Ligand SMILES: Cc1cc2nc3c(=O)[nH]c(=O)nc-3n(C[C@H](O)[C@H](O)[C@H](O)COP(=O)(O)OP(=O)(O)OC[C@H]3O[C@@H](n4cnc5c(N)ncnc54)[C@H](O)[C@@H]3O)c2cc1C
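Here we start with a single chain on its own, the form predicted on its own, put down as structure tokens.
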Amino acid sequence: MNNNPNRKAKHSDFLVVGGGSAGCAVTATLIQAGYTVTLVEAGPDYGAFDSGQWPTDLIDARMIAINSHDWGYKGSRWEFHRAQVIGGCSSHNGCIAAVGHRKDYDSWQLPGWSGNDVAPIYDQVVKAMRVRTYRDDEAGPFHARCLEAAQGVGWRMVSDLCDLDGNDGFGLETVNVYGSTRWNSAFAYLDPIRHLPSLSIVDHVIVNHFQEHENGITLSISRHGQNETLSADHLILSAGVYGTPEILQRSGVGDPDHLKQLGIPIQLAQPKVGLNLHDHPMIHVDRKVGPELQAWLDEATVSGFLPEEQTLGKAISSLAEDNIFDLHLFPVCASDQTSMIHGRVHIEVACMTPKSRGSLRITSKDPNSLSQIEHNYLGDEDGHDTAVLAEGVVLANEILDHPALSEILGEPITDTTSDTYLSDHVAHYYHPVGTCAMGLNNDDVCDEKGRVCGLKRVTVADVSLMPQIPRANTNLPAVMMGIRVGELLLATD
């Protein structure tokens, strides 16, 4: 739906492509500054929080709704779930609210992006996204035992995922959960401005390509099978780590040799578009659910709120730099309400400082064609990512083998001692970033303000800008980046 169906803008100050975590935030930043914005979203816009139109799986925080409203991105071994709906991945994810460490942002060495620069923005984001910490009395039967086991093997107990100076420890998660509702970025940033005539939201839009002109931007789109053209003074791409480089490449901004093979006219030669793709590689350590725990889960499911994820640990491996955590260990336990396989529990282990890099390349100028996505997990030459994960597996087994858990769990399902265990079972943490990385050199895709180098009227505002992923789940960082790019853009205007 279009929340303003009778005043869809043909020309606006800004066109924002993508109504996800970052797109909603940058849109609100521009609207609040007095500009007109047309926000286009590929999926449906279900309206405000109280519209009554939202599907249950998208607002119920017990469910990780990764199969709902999915783009269908695939790689050689994995499905890369991305949400095609207003709010983007904040509308279907596990709601873990984290910001990473201060030194993550300092390490970018980019003006305006230090830990001190982003800290006040995160304070705003935490409030707008209604972030809270699970209470002790909310912990489900499995996660309560995880807290006991982690403390029993020597972990420091703390819940500080939204503290830029927080380090290693284990505790209840901080989450963007309001009651039992997944509080997404559309609720946080669009609902307060939906009534304003300066905002138009157009959903069910597939972007073909854009063209920069001397006086503005034209955007070729398809909506309900009909081709249309929108125009604006400036274009902001917030289509995500896969969508943003796809739109750039379809518009002739990319590796000229590759684009010529696809018959795409070159608007700007920029070979780095789609490179630097990376994510936190992840591995699972599992156990069967014992009968006592199953009975508790069944009882808790009937009585009310029982999320799959409620606890998380941050650990420091022997390869960590500056004695800052480089591992996440987060337990996951399914109930019959949720999306995971019933009858087993996991501790997922993720390397938070990955060195492996991959790439994305479109395979056609047709926006409905699947791109070639290669994350190259565990592909770094020095074996850093593999070594960090291996140490995390040891820590995960220590927790699961503690009596607080071992007495309610069964035997392992997956053999973690196999020589090929890590390479055979490596997965992703749903945190892809980096395909339009910022930098200070002319050959970088974007400058330190998110502006596409070589273009005057195109800016990127999403996590594809990240030169290096922070030690965090990327939902709150995406929101932060939307706000920060909006601020930098307005300061330049």
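Residue positions are given as counts along the sequence shown, with the first one as 1. Remember, predicted model here, so these are calculated numbers, not experimental data.
A second form of this protein, the form predicted in complex with the named molecule, is not displayed here; the remarks below concern that form.
- The named molecule is not drawn, but in the model of the complex it has a heavy atom within 4.5 Å of residue 84.
- Although the partner is absent here, residue 15 is not a contact residue: none of its heavy atoms lies within 4.5 angstroms of the named molecule in the model of the complex.
- At a distance threshold of 4.5 angstroms between non-hydrogen atoms, residue 313 is out of contact with the named molecule in the model of the complex.
- Although the partner is absent here, residue 93 sits close enough that one of its heavy atoms falls within 4.5 Å of the named molecule in the model of the complex.
- Contact annotation: of the candidates 306, 247, 161, 399, the single residue with a non-hydrogen atom within 4.5 angstroms of the named molecule in the model of the complex is 247.
- Interface residue among 59, 437, 66, 426, judged by heavy atoms within 4.5 Å of the named molecule in the model of the complex: 66.
- Annotation: in the model of the complex, residues 283, 378 and 421 none come within 4.5 Å of the named molecule through any heavy atom.
- Heavy atoms within 4.5 Å of the named molecule in the model of the complex map, among the stretches 235-243, 283-291, 382-390, 162-170, onto 235-243 alone.
- Residues of 427-457 placing a heavy atom within 4.5 Å of the named molecule in the model of the complex, in sequence order: 430, 431.
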